[in-house]
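Two forms, one chain: they're shown below as structure tokens, one block per form, named structure 1 and structure 2.
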Structure 1
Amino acid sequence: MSQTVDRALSILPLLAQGPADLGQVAERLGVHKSTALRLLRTLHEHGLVYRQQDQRYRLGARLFALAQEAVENLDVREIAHPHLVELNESCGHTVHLAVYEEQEVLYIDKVESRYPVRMYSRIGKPVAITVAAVAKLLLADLSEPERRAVAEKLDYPMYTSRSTPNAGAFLKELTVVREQGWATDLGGHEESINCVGAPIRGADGRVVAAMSVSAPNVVVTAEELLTLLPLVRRTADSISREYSGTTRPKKA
């Protein structure tokens, strides 16, 4: 990637944190103000950033439109959504859909729990890749060399005492997940949150997405949540068949 493109793209996550003036952008990039201004003007011309009346810059409407268009064109999300809603209506808990892109696992859909206690997760936000059930499912489908290469590059923050501590432990867990065809996160990211998930496969049998059901301990115990595994797997299988074109679409 050219240095100019890299610098321009580095501005976007900075502005995602809130509006910033020219000096702040230049300081963050480590460049002269004239260079930062040139980059901001280019992004402004494409609608990716907007200059406010106070001369500070924020993310532009075009960026949000592009993001929304990209999400809408993710076919697996469109196909899966009615199934996710149905699963949510059956169990009442939060349901997530995630994909693996550019070395990150991202949520691309979410159906909120009907209970007052809800999870703080957002569509488009990367998941905690070393502990999340959906991440384990997506990475487990990689070839052994790919799994090892990814695992060795990751950091292993100890979110809780149940978090995955290192690459060796992570690779062992991915092997188990690959063999059994489902995954859990039982307090690995947050002590009070448990999750069970299943993979969504394409016509070639490869995992294209992963879905999960999550709930806090105050609503349902980990043991009770695990009783939903058959339902979660059936839902994932239904989405897989529809995505692969082997069954008729579910009506929204």
Structure 2
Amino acid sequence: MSQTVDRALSILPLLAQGPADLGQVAERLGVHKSTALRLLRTLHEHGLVYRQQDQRYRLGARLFALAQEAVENLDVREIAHPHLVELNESCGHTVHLAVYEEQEVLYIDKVESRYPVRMYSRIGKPVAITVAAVAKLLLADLSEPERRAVAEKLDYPMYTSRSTPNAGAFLKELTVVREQGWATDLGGHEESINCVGAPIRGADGRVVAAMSVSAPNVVVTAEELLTLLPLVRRTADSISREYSGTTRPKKA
């Protein structure tokens, strides 16, 4: 809508692919060098873009700070976190929390049991939307036309032989998930990893987030993991209750 801003913002994803010099930016934006320069300078002033020694531009530090603050302001996360930790302590597996936004599902919290894995490598990263348990839960709550629209637009990469193959299968799965109120991912993303998840609902009953427990085959079988389902659902419900309590419903 605003051409100037539009152009400026287009620089960010461009630089996300790697550093670029002024000429490259101008070219890929389709504008004159001087224009690109001014945009970059403005981005620079706001710390979104950084100029390294070789004069090339790359994404800047303020982006982290912003993403940081953004995630910390999500009240669902705030409320859910202690519950996630508790669940993790009682079952020992990895626990995820995710939300849906603009056709994307992304993790906003994670509690990992054993290894001190680089957690940020996941947080913020888009989830494998067609197979993850949390993704199914979040999408299942959309209205039927919305679900259909999203399902059509998605790609269906076959991570494994048990990945969701196409839109039809996905919609069907969503219907099941919607009715049963929980979801699984049995080796659909990585052959040896299974997940069980449950939805977190706001005061109006709509799904605002989803959580899941993941564990590799080598630790527990899928059947064993499924025995955790009641516990997962209880946890999700606790979070829902607490969240509904603090949040004053704006809608009917």
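Each residue is numbered by where it sits in the sequence of structure 1, with counting from 1. In this text, rigid core is short for the largest set of C-alphas that superpose within 1.5 Å between two forms. Since the structure is predicted, the reported quantities are computational estimates derived from the model, not experimental observations.
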Pair member which, unlike the other, is the form predicted in complex with the DNA = 2
Give a yes or no answer as to whether residue 135 and residue 231 travel as part of the same rigid body between structure 1 and structure 2.
-> yes
Relative rotation of the two rigid parts between structure 1 and structure 2, taken as the smaller one's turn in degrees | 16
Using the rigid core as the frame, report the C-alpha movement of residue 10 between structure 1 and structure 2, one decimal, in Å.
-> 4.0
